[in-house]
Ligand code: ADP
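Shown below, as C-alpha cells, is a lone chain in the form predicted on its own; questions about how it binds or moves come after it.
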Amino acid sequence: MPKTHNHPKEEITVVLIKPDGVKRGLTGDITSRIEQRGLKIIALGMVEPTRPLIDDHYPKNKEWINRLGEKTMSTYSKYNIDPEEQLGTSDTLKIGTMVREWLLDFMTSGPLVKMVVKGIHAIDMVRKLAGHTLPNMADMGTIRGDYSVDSPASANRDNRAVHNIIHASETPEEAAKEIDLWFKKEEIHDYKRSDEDIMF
C-alpha cells in the first residue's frame, strides 16, 4: 500500500479511461487535460481487464450495491419510468445488483487506460475535471460534459451501464486500494515537473 502523504501536493489518485473513452480516441485529450491542470501522471498503461479484476475494483458490500439501486430508483422516479415494468422489481438491492453486473460487462468490453495521477489535491482536482458521474448532469467544460451524452434513464432502458468515459478515485482510501489493485510498485515513477517551482 502506498505511503500516506501529508502535503497536499503529494496526493495521488487513480484514473481509468473506460472502454468507451478508449474506443472513441479520447485518451490523449484526457491525459492532456490532467497535465495542463498542473498534475503529474506518474504511472500509465493500457490493459484489457479480466472480469475478476473488475469485480474486485467495485465494492461488493450491500450498502454500496443498495446505493446503486437507490440512484436508479431516483432516475426512474424523475422520468416517470416504472421499475417493475422495466426491471421486474422495485427492490433497490436487486436493482443495484443488476446495475453492478452491467458495470462489469461494460468495463470488460474492451481495453482501458489506467493511470496514477499526483499533485495538489489530486483526488478533488481530477474529479472536478471529470465532471458529474452522470454525463447528462455534467457541466460543459468537464470531460463528461464535453464528450458524453449518456444518461442513466437511457442506459437502464438498454440494460447496460452508463457510458461516462472516466473513473477517478473518490477518497484517499479508495485511491490506495485501487493503486494496490491496478499497479505494481515498479510501474509507478515519480519525478519533478519543470514548472512545479512556478506553479506552487
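Throughout, we count residues from 1 along the sequence that is shown. Keep in mind that this is a model prediction, so the values were computed, not measured.
One more form of this protein should be noted, the form predicted together with adenosine-5'-diphosphate (ADP), which is absent from this view; the next part is about it.
- Each of 67, 103 and 162 is positioned with at least one heavy atom within 4.5 Å of adenosine-5'-diphosphate (ADP) in the predicted complex.
- Within this chain, residue 133 lines the site of adenosine-5'-diphosphate (ADP) in the predicted complex, having a heavy atom no more than 4.5 Å away.
- Residue contact with adenosine-5'-diphosphate (ADP) in the predicted complex: residue 152 places a heavy atom within 4.5 Å of it.
- Within 4.5 Å of some heavy atom of adenosine-5'-diphosphate (ADP) in the predicted complex lies at least one heavy atom of residue 170.
- With a 4.5 Å cutoff on heavy atoms, residue 127 counts as touching adenosine-5'-diphosphate (ADP) in the predicted complex.
- If you take 67-100 and check each residue for a heavy atom within 4.5 Å of adenosine-5'-diphosphate (ADP) in the predicted complex, you get 67, 68, 71, 72, 99, in sequence order.
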